[in-house]
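Single chain ahead, by itself, as structure tokens, in the form predicted on its own.
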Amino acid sequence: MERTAVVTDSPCAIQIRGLSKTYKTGFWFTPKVTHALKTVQLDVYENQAFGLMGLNGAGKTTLIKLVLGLLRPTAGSVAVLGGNISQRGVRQRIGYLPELPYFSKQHTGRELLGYFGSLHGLAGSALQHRVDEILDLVRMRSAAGLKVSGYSKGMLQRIGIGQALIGKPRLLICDEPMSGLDPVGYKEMRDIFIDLKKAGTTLFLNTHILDEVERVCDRVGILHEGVLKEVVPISKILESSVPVDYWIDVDGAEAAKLSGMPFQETVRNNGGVQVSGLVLAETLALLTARKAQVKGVRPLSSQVEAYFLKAIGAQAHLNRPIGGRRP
């Protein structure tokens, strides 16, 4: 059941009511019916960052395509920035970064941004000034004169964000913006989102990278098998009591002191033991009582990840028995 959204005075950037999408494939006399989305209700507020979380195949990209008007719903409605996506004025106030952006490879980054800026009616010095602003924002000034054919995945994502922002949109929608990035590209993209949020741009991020959600988003929705399970402020997730798994580092030689303990073999073979936060203190007390030296304790997941797994019913990931193997 969907959790009631947080009350706010902010206007809605996206308002979804009863949205459903059904696909029919196969032969006409034996069609296969797939319910990609099932009666989704969602408000995304202006001047906030909203994260849509879900496993692969949960329906996240379908939801984005319905919001953008790239698909027609089977049932329900979508309002964007107070209007309909079919209205040109509404579309002009939206920026979109698809999961796999593709650009003409024979052009430079500056040339591409100039082209997209011209589509928004910019020209002359105003166009060049806006291109320079975007290049600075997405950290691409030094690579602006290079052809796109030589760009890395991270550079393509940043120039993709640039084209989405060239028209100064009120709403930026990104589909898996961190997909395929290395750690440096990941951090750069995250910093860009944080800067945009500070500047007042409304963000709608479809992602399965939960660390991104925790650091950037104000609210999240959890989509599972086409059903929106939860809509909840990120602050409430971080304050929740959902247990997080921990890894306790114990030298394998200390296993001899743990005779009769259920995790003796795990310590011997893996140099530690994985436990739920519910039994962390108890496990540490047992190790101390046996005089086994603990080298360190670290969380194996974030609070957001633990909350997400609980919301979609993946209890097996949360309540592993003492003695689990190190991942």
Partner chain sequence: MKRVLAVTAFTFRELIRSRLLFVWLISVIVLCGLDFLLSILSFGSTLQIFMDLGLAGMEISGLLVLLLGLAVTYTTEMDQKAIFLHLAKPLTRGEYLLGRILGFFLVNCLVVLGMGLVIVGLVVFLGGGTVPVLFYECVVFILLEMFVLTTLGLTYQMIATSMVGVVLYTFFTVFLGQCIGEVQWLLNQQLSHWVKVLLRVVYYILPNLEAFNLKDRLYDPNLVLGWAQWQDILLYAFSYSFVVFLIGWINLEKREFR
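Numbering follows the first chain given and starts at 1. Between two forms, the rigid core is the largest collection of C-alphas that superpose within 1.5 Å. Fair warning: this is a prediction, and the values are worked out from it, not measured in the lab.
Although not depicted, the form predicted together with its partner chain is the subject of the following passage.
Its partner chain in the model of the complex is not approached by K198, whose heavy atoms all lie more than 4.5 angstroms from it. Although the partner is absent here, A126 sits far enough away that none of its heavy atoms falls within 4.5 Å of its partner chain in the model of the complex. Within 4.5 Å of any heavy atom of its partner chain in the model of the complex lies no heavy atom of K310. Interface membership of P31, defined by any non-hydrogen atom within 4.5 Å of its partner chain in the model of the complex, is ruled out. Shown here without its partner, the chain carries K24, S104 and K147, all of which come within 4.5 Å of its partner chain in the model of the complex through at least one heavy atom. Think of it this way: in the model of the complex, its partner chain has a heavy atom of just one of S179, S235, N84, S118 within 4.5 Å, and the residue is S118. The partner is absent here, but in the model of the complex a heavy atom of E111, alone among E111, D218, E188, D245, sits within 4.5 Å of its partner chain. The stretch from 223 to 231, 236 to 244, 208 to 216, 94 to 102 that comes within 4.5 Å of its partner chain in the model of the complex, counting heavy atoms only, is 94 to 102. Annotation for 217 to 244: no interface residues with its partner chain in the model of the complex [heavy atom within 4.5 Å]. Positional change of A123 between this form and the one not shown reaches 2 Å or more at the C-alpha, relative to the superposed core. Core-superposed comparison between this form and the one not shown: the C-alpha position of S149 differs by no less than 2 Å.
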